[in-house]
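One chain follows as structure tokens, the form predicted alone.
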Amino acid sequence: MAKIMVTGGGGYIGSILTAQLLEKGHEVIVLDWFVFGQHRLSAYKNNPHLTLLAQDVRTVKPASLKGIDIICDLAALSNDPAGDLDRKLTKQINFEARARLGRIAKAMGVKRYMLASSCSVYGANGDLAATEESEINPLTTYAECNALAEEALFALNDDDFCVTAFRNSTAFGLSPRMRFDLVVNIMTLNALKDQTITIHGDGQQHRPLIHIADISRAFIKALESEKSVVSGQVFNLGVTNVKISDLADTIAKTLPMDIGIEYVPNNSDARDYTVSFDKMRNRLRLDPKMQIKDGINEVFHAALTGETTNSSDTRTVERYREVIENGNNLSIGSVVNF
């Protein structure tokens, strides 16, 4: 079994990846600023293979990486609106800290480095599905920083330091650190709460989608693969591409109630892209297990039963804004002990 550091391991995807790694018997070191609390991992508080490091990824010391075999790097301000709250901070965390961590990792003898990037680097590509070889067109600070981080880390790739990047589609699904600022999740919640789904714009914009459990499975698949399969490689991760209007229809048809769909004119979002997942399936040999309807159902039932509730902690931008406006450094965070 490997000793694996998961940066951002207390987050939406990271908490799921941490759970999957522990289930496989790996030793897991979660490095996170825990803005959303350590209690997101409380189900594993008695697991002897889990260690929590409440640290800022921007100032990680080399000693923290001693003995680490693999880094799964998920620490980032996690979407386009969050990235625009403070562009300087986003660049520090989503690009500069990742590049620095990669350099330290290589110097400390870490063997593999896996980066959570984003399909948002493609920007707008019309009807042509973007492959990993397609020209990128980042339209936001968040997307630009992902592209820069990929470039910096792949420059470090060699026979002794295996770098892999995953361009994640828009994620969905249930997590201990739940997010209701993602399209499938928030549409499902609103359908339950208001019996109405509101679409901003004409709904013709496309989004690639993937369940968070399948993103985590991709990381595990890569760390279990031969280096020749994943070294220096980028993989688009997704289960399907869907128009926003079609997604709303799917949610309305899936839920056990009458759901209306309303359109509100809004042309502020220029992102419209589709993505090819052939390389994920053919080279990484990964087939997503979770379909959109699976995510809709699990989020619906969790919200219906109160297993998850909507608060500022589930809306990433709102939570970050609260911390910034209160004058707190995000590196300190709001730590809740087990």
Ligand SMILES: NC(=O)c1ccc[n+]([C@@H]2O[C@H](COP(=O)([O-])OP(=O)(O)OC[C@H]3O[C@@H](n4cnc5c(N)ncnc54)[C@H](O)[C@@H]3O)[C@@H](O)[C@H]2O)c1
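Since the model is a prediction, treat every value here as computed from it, not as a measurement. Residue numbers run from 1 along the displayed sequence.
Missing here is the form predicted together with this ligand; even so, the following discussion is about that form.
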property	result
Contact assignment for this ligand in the predicted bound form, among Ser117, Thr140, Thr90, Thr188, heavy atom within 4.5 Å	Ser117
Ser216, Ser78, Asn236, Thr164 - the one with a heavy atom within 4.5 Å of this ligand in the predicted bound form	Ser78
Site check Phe36, Gln55 and Asn168: each within 4.5 Å of this ligand in the predicted bound form by heavy atom	yes
Leu74, heavy atom within 4.5 angstroms of this ligand in the predicted bound form	yes
Close approach of Arg177 to this ligand in the predicted bound form, 4.5 Å, heavy atom	yes
This ligand contact at Arg98 in the predicted bound form, heavy atom, 4.5 Å	yes
4.5 angstroms heavy atom contact with this ligand in the predicted bound form for Leu182	yes
Among 274 to 282, 299 to 307, 25 to 33, 44 to 52, the region lying within 4.5 Å of this ligand in the predicted bound form by heavy atom distance	25 to 33
